[in-house]
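Next up: just one chain, as structure tokens, the form predicted on its own.
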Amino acid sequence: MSVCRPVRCLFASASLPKPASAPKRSFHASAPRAARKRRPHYPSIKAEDLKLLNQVAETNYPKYDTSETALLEKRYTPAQIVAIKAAETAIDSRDIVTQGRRRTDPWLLPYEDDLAEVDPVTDHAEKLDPSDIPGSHDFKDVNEEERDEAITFLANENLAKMFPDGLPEGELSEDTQRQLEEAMGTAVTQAVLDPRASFRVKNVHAAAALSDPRHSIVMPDLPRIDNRMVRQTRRLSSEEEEDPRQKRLLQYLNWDKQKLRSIRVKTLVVHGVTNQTRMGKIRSLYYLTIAGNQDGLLGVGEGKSTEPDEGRKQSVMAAIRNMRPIPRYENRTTYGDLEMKVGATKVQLFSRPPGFGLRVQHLIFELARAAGLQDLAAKTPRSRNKMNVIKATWEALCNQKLPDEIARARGKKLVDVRKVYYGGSVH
């Protein structure tokens, strides 16, 4: 092997052609970033356009001058003046011109509004009481002649407000004639409903208060608009037939309707039942309802009827009538752990410390909330029939063994049974 060959290859390697690189495939349809022209993030503004923009901004939104600042100081406090100036400085008027847009919807708030006047649409109107009316408040009903005269006067007054330049005269077009007829009908309707057409008073201030909207709600001494629909509604409400079951229940409990409305009532079980008779299958609905005052009273009632409303009313009345006191430790949980079995259902209730909450199933949750329990845990290890779960929970809560009963049964004192002296706490 010749020695010159490796040397010749060594010195000739620089002049040898380089092998062609493998072509690279492009997986993008767009050109590479190096080949694209970079676009600016925002359009550039020329100096001439900027000058025009500044002129428009200064024209539409000028700064406060000395006279305007003096007027603002009369209306606003110094702290508010400082806040207004800070807000004006923070907002660039050029941004308002380029980015701002005026609202055109019916509920727009005008930009020029200084909020110094009350808007009857968006603002709450001021309310006044009878003490704001000087003089006497003696009102009298008007007769037919005085009422017709008052309606005519008020209708003309309303028309004058609608047409300040006077009523259109001469030959009228169809649209103008229609608008005039609608305006006259509206004016007469407003005049009939105006209290000034139904009552007469010598005191000028009291007469003005009849049509003043500031006296519309908090004016029990002034008469109200009493039309036929109001009288009919009042008559129907007063002649409403009272439920005889509710009347008997109130007599039995010696309660009033207000106290009865404070009872929390909820229907937990509703299903259909069928009774086979010689006349065929008679289908009815079964209701299981609970009732409680959320302060230590709880009741369960059942009802069944072919009419849905009748069966539910039966269950509600039975639940309220069956309410019994529920002993509560510290008005929040039970006295120890409870267990009750109804049929194949067994319910286990466990007392818990403050803040534990009601970690139970939904049926027991409703019972505990109606009874006023706040900290409770429960298990239903066997059958979970809804009716049996409700009845077992109710029986367990009503038949709790209290510490004083246990103490008497053992012949000991209450503090010895609770393993704590006065001022202590057990859970």
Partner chain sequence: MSLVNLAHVCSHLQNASKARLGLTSIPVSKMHVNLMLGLQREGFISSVTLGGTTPPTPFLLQDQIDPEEHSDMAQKLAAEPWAAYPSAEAKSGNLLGGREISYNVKVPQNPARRRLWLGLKFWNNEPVLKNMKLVSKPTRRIWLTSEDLGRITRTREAAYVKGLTHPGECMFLTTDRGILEARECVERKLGGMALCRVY
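Numbering follows the first chain given and starts at 1. Just so we're clear, the structure is a prediction, and the values are computed from it rather than from any experiment.
Absent from the display: the form predicted together with its partner chain. The rest refers to it.
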In the predicted bound form, do Asp337, Ile406 and Ala409 all reach within 4.5 Å of its partner chain through at least one heavy atom apiece? yes
Please check if Lys401 has a heavy atom lying within 4.5 Å of any heavy atom of its partner chain in the predicted bound form. yes
Partner-proximal stretch of 149 to 157, 329 to 337, 244 to 252, 293 to 301 relative to its partner chain in the predicted bound form, 4.5 angstroms, heavy atom: 329 to 337
Could you list which residues of 307 to 332 come within 4.5 Å of its partner chain in the predicted bound form, counting heavy atoms only? none
